[in-house]
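Below, in structure tokens: the form predicted on its own, a single chain.
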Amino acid sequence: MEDLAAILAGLYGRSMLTTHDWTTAEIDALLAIAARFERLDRAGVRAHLLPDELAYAMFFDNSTRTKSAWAGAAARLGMHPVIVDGASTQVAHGETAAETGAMLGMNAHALGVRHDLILGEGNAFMRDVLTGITDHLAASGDKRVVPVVNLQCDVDHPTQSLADLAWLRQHFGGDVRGRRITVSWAYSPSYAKPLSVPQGVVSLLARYGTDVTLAHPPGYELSPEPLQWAGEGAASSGGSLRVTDDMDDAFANAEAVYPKSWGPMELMRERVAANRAGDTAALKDVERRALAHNAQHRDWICDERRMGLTADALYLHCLPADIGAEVSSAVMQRFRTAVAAEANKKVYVIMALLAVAKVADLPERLAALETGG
């Protein structure tokens, strides 16, 4: 890794909107900081580096783990986490994303956003929010640093994929290069889930020399841009990216598997039009047809038979998993502790994202905590 202090100096003030915006050296530095926060936390050392600051988060979609991780990370840094339903903001009444950013930037010291259901909208919304915050701070002469953290959008789920990378590195002894990792669609009867988790995981892992297999039935393709990032990352890192429509083929000899449902692409595009038209009946119809489409592939389940095709693979999931649909109860029971540990990595990733953006003397502050100074 390049000099850590120099990399961290370049990350001061940075937001995380996609992992693609960061170099692998920057991501490695971030995960090194996350690991240090985890060690301090497990040793019972309080890391109140940002006391009494406000960590605001807007969620335009449901969440349990990411809300908890945001609140836990902020509290561990001494911040005051505030989490609100995005529907309670003035966005629904016509306020622009940039205006929302300016309003929140007046008071908040960091901002997390989840806006993941509508293709073409969530990440653009976050970038406009960041513009609104940045412009307001500059116009008012306010020197505060207010980073924006993507807590899941239509393109990426960076805190999740970074936590997954950290967990895979721990499992494989520090390095994922050359590991055979499968990201597969799996059946879900609950709702048409966003594409951002598989997109984020595939596009990130491909940059680290892994041999990634992406599996899905016809019609469940991912968005072109993240797939392009994945292909470029595989080419530059010495890894590979393979796409198949056969789940058994994807699981054969895999060392880690990530079976996760997402919605069919064509219907996800229809959802965009219905959302823009404000047509709730059309939105419900899209959801109904998406679930009917999913039901054509009930056999896409991660069960003991498929796990038996692997090279004793690690099972991953962002949770909650549809047990009996995405994954069998037996597989989930076997990996219950593992997926909880995977989820817990997100707390330390968010701590690191907030700290590298806001603590100018972070190396010295962490060293003092580690030595009891």
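Note that the structure is predicted; figures quoted are calculated from it, not measured. Position 1 is the first residue in the sequence shown; the rest follow in order.
Heads up, the form predicted together with phosphoric acid mono(formamide)ester isn't pictured, but that's what we're talking about next.
Within this chain, Cys318 lines the site of phosphoric acid mono(formamide)ester in the predicted bound form, having a heavy atom no more than 4.5 Å away. Not displayed here, phosphoric acid mono(formamide)ester is kept clear of Ser329 by more than 4.5 Å at the level of heavy atoms in the predicted bound form.
Under a 4.5 angstroms non-hydrogen atom cutoff, phosphoric acid mono(formamide)ester in the predicted bound form has Ser63 among its neighbouring residues. In the predicted bound form, phosphoric acid mono(formamide)ester sits beyond 4.5 Å of every heavy atom of Ser203. Just one of Gln199, Ser188, Thr100, Gln160 comes within 4.5 Å of phosphoric acid mono(formamide)ester in the predicted bound form, counting any heavy atom, and that one is Gln160.
The stretch in contact with phosphoric acid mono(formamide)ester in the predicted bound form, judged by heavy atoms within 4.5 Å, is 65 to 73, chosen from 307 to 315, 42 to 50, 65 to 73, 24 to 32.
Using a 4.5 Å cut-off on any heavy atom, the one residue of 134 to 154 that reaches phosphoric acid mono(formamide)ester in the predicted bound form is Gln152.
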